[in-house]
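Read the single chain below, which is given as structure tokens and is the form predicted alone.
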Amino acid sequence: MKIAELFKVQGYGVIVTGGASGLGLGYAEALAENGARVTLLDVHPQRVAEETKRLRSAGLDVRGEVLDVTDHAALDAAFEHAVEAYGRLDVVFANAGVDSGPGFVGGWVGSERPRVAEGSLENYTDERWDRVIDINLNGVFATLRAAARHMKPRRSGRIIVTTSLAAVKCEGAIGAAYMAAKAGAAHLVENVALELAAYNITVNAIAPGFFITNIGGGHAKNPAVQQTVAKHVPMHRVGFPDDIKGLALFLSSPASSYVTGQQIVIDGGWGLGEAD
């Protein structure tokens, strides 16, 4: 077999939550551009409409549906709709997520990082905590459950969860709820991978570092923020959605058939420490 054959996803049925922007859109593009049939699930109606139209106009087989992953009944129904449309479900990206606001320290001011009262533990509200956990952890659980219901009877499938470098590396600038949710999702990946391995279903996680997305109100798109972060990344740059497409294709394809329960960090080396 030629190596290229291992990466074929032609005709695959794919679902991407949070699929109308950022990394989710990158996943969707990577699969659709290689012949997969992709459903974008996203909470933002305008983004769903615009990106579905754009991808279809490029000749790609893409459909969209507006969805909030905290509505588990609606999520289950969206999976049914996708399977009805494609006749199969091969790959699911559990990607939908939100940030949790500031952590207990802010950005660098010279060599100092000032404390942020809003992000301190004693000021953390129940509402802020619950919202992030509900989307970033409970939403992942509901997505994994829906995927398993369709994949187990076929005894085949690929599930990829977007976690974060924050799942493995403490960072004071990241809100506590986000870090807890992503770490929980990473451990859930291992547990579900163990359970579904007997059904030839792989479950893995992609753990991005600093990428240019809409999360956090789009602050990552600020050139000044990018320049500041890049100074602390060994590769001296931030990540873009295109940087993640190869990994997404690998984990979706037969090339990764013996890889499960893994969390693959993609961060330009940021998690390793700083280097000149």
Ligand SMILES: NC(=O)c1ccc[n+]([C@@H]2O[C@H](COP(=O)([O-])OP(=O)(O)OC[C@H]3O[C@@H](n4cnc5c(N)ncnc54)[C@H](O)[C@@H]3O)[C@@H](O)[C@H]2O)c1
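Worth saying up front: this structure is predicted, and the values here are computed from it rather than measured. Throughout, we count residues from 1 along the sequence that is shown.
There is another form of this protein, the form predicted in complex with this ligand, and it is not shown here; the text below is about that form.
Residue contact check for Val9: none of its heavy atoms lie within 4.5 Å of this ligand in the predicted complex.
Residue contact with this ligand in the predicted complex: Ile135 places a heavy atom within 4.5 Å of it. Although the partner is absent here, Lys245 lies well away from this ligand in the predicted complex, with no heavy atom inside 4.5 Å. Among residues of the shown chain, Leu55 is not one whose heavy atoms approach this ligand to within 4.5 Å in the predicted complex. Using a 4.5 Å heavy atom cutoff, Asn95, Pro208 and Thr213 all lie near this ligand in the predicted complex. The stretch from 245-253, 55-63, 28-36, 41-49 that comes within 4.5 Å of this ligand in the predicted complex, counting heavy atoms only, is 41-49. Applying a 4.5 Å heavy atom cutoff to this ligand in the predicted complex picks out Gly18, Ala20, Ser21, Gly22, Leu23, Gly24 from 5-33, in order along the sequence.
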